[in-house]
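Shown next as structure tokens: one chain only, the form predicted on its own.
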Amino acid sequence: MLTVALPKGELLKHSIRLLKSVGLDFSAFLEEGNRQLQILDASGKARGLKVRAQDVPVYVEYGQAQLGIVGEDVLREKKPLVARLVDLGFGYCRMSVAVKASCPYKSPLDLPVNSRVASKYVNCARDYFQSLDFPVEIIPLYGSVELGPITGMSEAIVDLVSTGKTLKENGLVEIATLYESTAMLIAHPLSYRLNTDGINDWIDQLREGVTTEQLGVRS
């Protein structure tokens, strides 16, 4: 049976809508009071797993799910061994460097050498500053990263930004964008190559569904 790993949070509703458009209905996950983490779709064709976004590629990499939907940000941070198949076009955000608005820094290279940079995306932050050949100390934070510069623990942060409202409300501004992120359809590599449970048919339908939706938005 086809198993699809779905991310909790902001991407869940969009993911369920897209899957429903190709005949995989996991709408029960959205029902108020439903705490199930595993359900069959309404037609019994497939099974859905509702997991933390960071865990989606783990379930796919280890074969507990043949398909998954997850943000590009998670893939860049985790670097899992999965097949990246389709940019789904929703869940837009960007990975940015931000500092206090009162600071004089206009770009990351304006930061003092060996500055402290707080982030929950430690690999992305480290890779970025290494690409600049600019030495910094990466401080792992997994709560309100914005507090790093506010409290003086760090000169900057690397974090996901959607509207920028949270940064503004906390007196921070962006000074660089590492990359932009949207939701991606991923697959277990061996299942993809062997077309296990007919996943290639589902992938083709999802790719077509994404194209149709994008055309509808533009028209």
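The shown structure was predicted, so the numbers you read here are calculated from the model rather than taken from an experiment. Don't overthink the numbering: it's just position in the shown sequence, from 1.
The form predicted in complex with another copy of the chain exists for this protein as well; it is not shown, and the discussion that follows is about that form.
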Which of 128-136, 102-110, 142-150, 82-90 sits within 4.5 Å of another copy of the chain in the predicted bound form, heavy atom basis: 142-150
Touches another copy of the chain in the predicted bound form: Arg52 (any heavy atom, 4.5 Å): yes
In the predicted bound form, Val173 touching another copy of the chain (heavy atom, 4.5 Å): no
Distance check, Glu169 to another copy of the chain in the predicted bound form, heavy atom within 4.5 Å: yes
Close approach of Leu40 to another copy of the chain in the predicted bound form, 4.5 Å, heavy atom: no
Heavy atom within 4.5 Å of another copy of the chain in the predicted bound form - the one residue of Ser27, Thr177, Ser162, Gln64 that qualifies: Gln64
Residues within 4.5 Å of another copy of the chain in the predicted bound form, restricted to 82-118 and counted by heavy atom: Arg116
